[in-house]
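The form predicted on its own is given below as one chain in structure tokens.
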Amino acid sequence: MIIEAIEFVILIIALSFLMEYIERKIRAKVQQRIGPKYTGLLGILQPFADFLKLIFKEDVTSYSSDWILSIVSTLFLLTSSIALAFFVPFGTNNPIINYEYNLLASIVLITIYSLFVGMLGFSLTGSYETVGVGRMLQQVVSYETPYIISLLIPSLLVGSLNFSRIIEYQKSFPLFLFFPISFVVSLMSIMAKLEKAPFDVPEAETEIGGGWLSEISSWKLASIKLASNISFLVNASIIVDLYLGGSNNYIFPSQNLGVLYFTIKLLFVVFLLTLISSVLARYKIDQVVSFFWKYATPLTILQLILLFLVKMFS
């Protein structure tokens, strides 16, 4: 069991590097840049090379910062993103850890991830970090509510908090056909969670020099970027499982091509998120808060009300 867990962690890390490579190539193509090209075949090893480069750089921490809290927060941040992967199915109906409430456990870990990001920001005391962590907390409070509701809507229809049962329910049709509003809101919330444009105001390199990441370097910065890549991979996989039918095959249902179809759906979500992020300019923090509280949250609640009405009269 331990060996299988280690192999799974290595696989998840490798897939997260691959997702970063795909994201960087798509972004470069949209913005008419080159992107990763030289390290490995077609530059596929560039994310791993960047990770190694950061690890072996000097770790610099200011005297006024709480270096113990920064180390603990970084390790917990990476651990929580990896732990989340154990509860999410990847190309099959069953995750590594499969029990009745694994969706609920996933939501808890998603929330804990944001908590550790906040702890890491508070461990640093620079001016840019203070502004960045303030923006980041405002953003977290804004997107967490609609995101969690969006994740729970499919389970309320199915009547289960188990990923396997939700995927099984979608054998004939994906749930995004019935819940397009919450599907779109969940995609926007993932972008805000991972601080991708237009929701990258906590970092905002052109305004606050990297925000809460300004003073983080070496292995801590490498770990944070790896945690972000893994979180991107796993959160996108959650959307595929909940709204796109997971490993269900709608074209050739008689053939066992679950992994292939899950991969195609995952790449579609990654492409869609990257495309949106590549063509939009950064919002101001008040615009981010306004977007999620004035539009995303009410629309998600509307989707929830429509679900209750359907269940009431069906």
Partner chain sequence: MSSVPLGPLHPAFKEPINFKLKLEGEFVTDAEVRIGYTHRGIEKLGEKKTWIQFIFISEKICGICSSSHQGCYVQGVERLTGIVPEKRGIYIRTLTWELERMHSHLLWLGVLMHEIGIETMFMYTWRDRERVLDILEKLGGRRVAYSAITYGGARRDLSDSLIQQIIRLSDFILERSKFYENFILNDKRFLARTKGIGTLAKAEAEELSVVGPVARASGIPIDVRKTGYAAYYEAPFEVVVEKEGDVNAGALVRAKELEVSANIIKWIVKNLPQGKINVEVAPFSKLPEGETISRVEAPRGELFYYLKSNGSTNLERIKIRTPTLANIQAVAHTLKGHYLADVPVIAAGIDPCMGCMDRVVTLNEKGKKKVMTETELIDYGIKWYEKG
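Positions refer to the first chain, counted from 1. Source: prediction; values computed, not measured.
Keep in mind the form predicted together with its partner chain is missing from the figure; the text below concerns it.
Distance criterion of 4.5 Å from any heavy atom to its partner chain in the predicted bound form singles out Gln287 from the list Thr263, Gln287, Asn249, Thr61. Just one of Ile208, Ile181, Ala83, Ile166 comes within 4.5 Å of its partner chain in the predicted bound form, counting any heavy atom, and that one is Ile208.
For the marked spot (Tyr38, Ala49 and Ser217), a heavy atom within 4.5 Å of its partner chain in the predicted bound form is absent from each of the three residues. Contact annotation for Leu54: none of its heavy atoms lies within 4.5 Å of its partner chain in the predicted bound form. Interface membership of Val131, defined by any non-hydrogen atom within 4.5 Å of its partner chain in the predicted bound form, is confirmed. Although the partner is absent here, Leu280 lies within 4.5 Å of its partner chain in the predicted bound form, judged by heavy atoms. Among heavy atoms of Leu45, none comes within 4.5 Å of its partner chain in the predicted bound form. Residues within 4.5 angstroms of its partner chain in the predicted bound form, judged by any non-hydrogen atom, belong to 200 to 208 and to none of the other stretches in 200 to 208, 117 to 125, 222 to 230, 99 to 107. Residues from 26 to 41 that approach its partner chain in the predicted bound form with a non-hydrogen atom closer than or equal to 4.5 Å are Val30, Gln31, Gln32, Arg33, in the order they occur in the chain.
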